[in-house]
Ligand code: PMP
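Listed next as structure tokens is one chain, alone, in the form predicted on its own.
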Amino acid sequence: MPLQIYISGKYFDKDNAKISVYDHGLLYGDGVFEGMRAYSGNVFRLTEHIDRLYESALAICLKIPMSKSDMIEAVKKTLEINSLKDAYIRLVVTRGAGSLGLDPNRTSDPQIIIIADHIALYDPKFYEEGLKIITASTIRNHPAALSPRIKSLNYLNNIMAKIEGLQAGCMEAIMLNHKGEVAECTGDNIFIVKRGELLTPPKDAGILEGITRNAILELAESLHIPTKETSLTRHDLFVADECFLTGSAAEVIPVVSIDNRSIHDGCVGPVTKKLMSEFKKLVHADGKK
């Protein structure tokens, strides 16, 4: 059976899943989304993802025409109807169709779209050997202009940095904030390990507060690994003992080189390996609850 896409209460074959070309999500990137992972048929931290979706919508004055509980059930049903156990889910809420022009008051009928499919963001070898990444010249949006904590449909800032990384032969790129500090990568949060301590940029560095990021911080605490959310510079990355990235699609992936500088000995470090292993256990244990 063709992949079934949920659009505002109905299911459509992938090739027939359509919304209006006048939808402001398409015309202006006016909307919000979440990316989630399902393991053994259960969506990892689904409630946290839904809470973040509704917070993003609230921040842009977008009223989602569905309760949180109904949204959760729609996500679960979309997985079930597609017979998917291990999958990536993209949940999108658009502003809805309207006239040409920015005025959101001239739109109606926000669209809720749920896509459940397989994803392989990185080749399996990179989880064993680590990524080589660069620092992009494109900086993260100034938080006073557009809060990075809003997971909006307008990802051009990230895409421009991603292009820089790809042109340099890298799968990811680090984005600095307006103060020249490390914020995050184009689609992932970033961590380093220095002298046994786990460090990651704080929320006010201009990052999206990742669900996987928070899970790693909790795991580290349970493993008695000292953690700190603190401002980081490129220098801190260059002299780190280990580095890795986190995200719903990426999960936990090591980094072994930044801007053509090897991180420590250029191999995946022990703390990273431990957290990767424990994260795998966590996502499957979470699904059995």
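Predicted model only: the values in this text are computed from it and were never measured. Each residue number is its position in the shown sequence, starting from 1.
FYI, the form predicted in complex with the named molecule isn't displayed, but the following is about it.
In the predicted bound form, none of the heavy atoms of Arg234 sits within 4.5 Å of a heavy atom of the named molecule. In the predicted bound form, at least one heavy atom of Gly187 sits within 4.5 Å of a heavy atom of the named molecule. Although the partner is absent here, Lys132 sits far enough away that none of its heavy atoms falls within 4.5 Å of the named molecule in the predicted bound form.
For Leu91, no non-hydrogen atom is located within 4.5 Å of the named molecule in the predicted bound form, even though that partner is not displayed. For the marked spot (Lys151, Asn158 and Leu208), a heavy atom within 4.5 Å of the named molecule in the predicted bound form is present in each of the three residues. Per the 4.5 Å heavy atom criterion, the named molecule in the predicted bound form is contacted by stretch 242-250, the sole one of 54-62, 23-31, 222-230, 242-250. Of the candidates Thr78, Thr200, Thr212, Thr107, Thr212 is the one whose heavy atoms come within 4.5 Å of the named molecule in the predicted bound form; the others do not.
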